[in-house]
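In C-alpha cells, the next block holds one chain alone, the form predicted alone.
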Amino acid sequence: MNNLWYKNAVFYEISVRAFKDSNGDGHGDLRGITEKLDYLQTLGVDCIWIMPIYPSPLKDDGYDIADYYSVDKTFGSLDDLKELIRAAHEHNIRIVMDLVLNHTSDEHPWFVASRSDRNSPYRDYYVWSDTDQKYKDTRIIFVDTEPSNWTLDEKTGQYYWHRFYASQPDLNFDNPKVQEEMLNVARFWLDLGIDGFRADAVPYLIEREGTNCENLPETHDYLKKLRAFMEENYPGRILLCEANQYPEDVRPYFGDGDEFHMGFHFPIMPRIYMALKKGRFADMEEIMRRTPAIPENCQWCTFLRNHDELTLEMVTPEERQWMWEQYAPEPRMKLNMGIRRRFAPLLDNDRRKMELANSILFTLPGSPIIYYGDEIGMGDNLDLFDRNGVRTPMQWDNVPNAGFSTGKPFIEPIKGELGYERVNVACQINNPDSFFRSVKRMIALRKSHAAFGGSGMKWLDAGNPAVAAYIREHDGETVLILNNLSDAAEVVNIPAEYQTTYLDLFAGQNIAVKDKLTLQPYSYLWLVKK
C-alpha cells in the first residue's frame, strides 16, 4: 500500500448538491457522483473531496452540522456512501470528506441541550461567557454579516462564541469530552472506508485571552492527537489542513510529519491571478521563496478556485484593493475579504490565460485540487446569494437543466456565454481541441513524471520579469518549467547549467535548449531533462 499516495495525487472538489441528481428531486446526491465516476476517471482524478453531506439546516451549505453520524437525506443514505466508496475504489479513486471540528449548527442536539440550561451536561461543549468583551484581539471572519464573534443567548443570559455565522457556535476544545467526541466522529467515517478528511477551519479550535485565538499551541496538541489516532488505526488515510494563513504560519500544522499530511497553500492562489494581470511573476516568486520546507511525508495542496470566495485575506490591504479593482469591478462581485467569481469569468474566458493558469497550478509544488466544473470553464451566477453563485449545477450537456437533473434544480443552471448550452462536458469530452482535453492532458503528464511529486522548487533567473521560470526535481528527474505571463512574445535566457537536451512534454519531441528561448504570448513549456 502506498501511504504517500497523496504527494502527487490530483484532487477534485465536489459540491454534492450541485454535481449530479440521480433521482429527479432537483438536488445532487451521492448516487449521482457514483454515476459519474467514469467521467472523473477519464479526467484523471485520483481523489475526490466531497463537501459536507451531514444533516444540516444548510445555513452555510452544510458546514453547519446538526448530526455528525449520518447523511442528510437530500444526498442519500449511509448505504449510498458505502456504495460510492466501493465503486470509487474500483475506479482507483479515493474519497476524502469534510471534518468540521471547530463548530456545529445551533440546531445540533449538543447545542440545543447546551443553551437549554446553564447546568446542562452539554453546557461545557461550547464556549460561554457573561460578557462579549473577552478575546477582543480576535478578528471577525464574516465581516459582511457578523458584527461580533459573540451572540447573546437570551434564555440563559450568556454569550456564546462563534468564529463564523451566529448559527455556528464553536465547540469548546478545552473540554476533554469534546476532544473525544470528535475522535469518535472520525472513527465512524473511517470505518466506513473514507480515505481521509479535509479538516475545516483548524486554526480556531482553542481560545486564549490576550491572543488572536488562532494557531495556538493547544490547538496543535489536539491535532497531533488526531493524527496519532489515525496513524495507529488507519494508516494510509490522510488529514488535509484548511488554514487560511501565510505559509510560515501553516508550517507548524505539518509538525515533524506528525500532524497534517497536507495543507492548503492559500497565499499562492491570489498571486497567480496577480501575476496574470500584471504580466509579472514577482508576486508568485516572493511567496514561494518564503514558503518553508516541509517534512518529507507532507505535501502542499494548491488550487485556483474552490467553493468559497477567492480569498484575499493573505495579501496586503493595497494588494486587496488592487485585486478588487482588477477582478471585481462590480460591487456584487465582492464578498467578505474576497471575490465571488469562478475561474473562467475571472480570466475573461480567455483560453490562453485559462491554460496558463492551469500550467502554473500543475507545475508548482503541491498536489493540485480542481473545483468541479472548472475543467470545462463553467461560469457563475452573481444574482445568487452569497457564495451560491459559484455552486451552481454541473453542466453535463446542452439539454434543459444541463443534464444535471430531470426535475426542477435547486438552483437554475447558468445560461448565457458560459452557460450549459455552450459550455458542457458532452461537447468537450471528445473534442481534441477542447479546454477539458487540455486539462486532462496536463493531469496525465503531471502524474507520469516523478519530478512533480516533491515539495520544493528552484527559481531561475531567466532575465525576463514576464516569464516564470523554475526547476522541479524529485526522484532523479529534472523538469524545466517556463510560463509566459505576457500578452507578447518573450525571450528568456537559460542559465548555462540548464542548457541541454529536453523532451518537450506537449510537443512530444526532443529539443536542444541553448542560451535563449522565445515563448509566444501566454504560452508555457514543460521540458524534461534527457
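In case it trips you up, residue 1 is the first one in the sequence shown, and so on. As the structure is a prediction and not an experimental result, all values here were calculated from the model.
Same protein, other form: the form predicted in complex with a small molecule, not shown, and the subject of what follows.
Stretch 194-202 is the contacting one of 246-254, 214-222, 194-202, 352-360, since its residues have non-hydrogen atoms within 4.5 Å of the small molecule in the model of the complex. Distance criterion of 4.5 Å from any heavy atom to the small molecule in the model of the complex singles out F164 from the list F164, W300, F436, W150. Taking a 4.5 Å heavy atom cutoff to the small molecule in the model of the complex, the contact residue among H307, K134, R118, K177 is H307. For R387, a non-hydrogen atom is located within 4.5 Å of the small molecule in the model of the complex, even though that partner is not displayed. Contact between E242 and the small molecule in the model of the complex is found at the 4.5 Å heavy atom cutoff. Remark: D46 does not count among the residues lining the small molecule in the model of the complex, judged by a heavy atom distance of 4.5 Å or less. Y54 falls outside the set of residues with a heavy atom inside 4.5 Å of the small molecule in the model of the complex.
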